[in-house]
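In structure tokens, the next block holds one chain alone, the form predicted alone.
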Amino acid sequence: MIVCVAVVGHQNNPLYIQSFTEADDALKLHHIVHCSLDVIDERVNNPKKSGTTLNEAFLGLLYPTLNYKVYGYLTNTKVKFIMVTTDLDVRDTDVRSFFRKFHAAYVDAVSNPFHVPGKKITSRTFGESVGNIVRSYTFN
């Protein structure tokens, strides 16, 4: 089950964070998203150590915790997408597919002429489409 998704700008400013659990877990999930930014920066700045290529948008598993797995995706404009899931057995192809749909929803949201680049995404339509994408993915 996907418990949190986030969009983080190229200057590590949060553009959209949505958790799909109880309010008590929201702060913990925000902390996990924030910690994953360090892992993304390390992979981008040291591609030989991490084994990822810079032309690859999907960063894969960033790090596992006791209860969660954190996955990352980096766009060409250095906007980061982060997904936190409780499923411990997840196929990379499913996660890639999720990020492609999430990226498409993001592009639709920022293509709105009333959206200010670099500002938080407040579109209700984007929130609904993200919710629909998350509900359609169960990784087990």
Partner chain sequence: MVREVAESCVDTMLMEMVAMYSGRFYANKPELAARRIEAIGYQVGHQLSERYTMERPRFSDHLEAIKFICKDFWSEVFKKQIDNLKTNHRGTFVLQDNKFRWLSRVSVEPSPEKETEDPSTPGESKAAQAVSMYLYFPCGIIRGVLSNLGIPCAVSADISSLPTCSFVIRVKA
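Predicted model only: the values in this text are computed from it and were never measured. Positions refer to the first chain, counted from 1.
What comes next is about the form predicted in complex with its partner chain, which is not displayed.
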In the model of the complex, segment of 30 to 38, 109 to 117, 62 to 70, 86 to 94 with a heavy atom within 4.5 Å of its partner chain:
109 to 117
Is every one of T77, R100 and A104 within 4.5 Å of its partner chain in the model of the complex, counting heavy atoms?
yes
Check A57 for me: does it contact its partner chain in the model of the complex (non-hydrogen atoms, 4.5 angstroms)?
yes
If we define contact as a non-hydrogen atom of the residue within 4.5 angstroms of the partner, is V44 a contact of its partner chain in the model of the complex?
yes
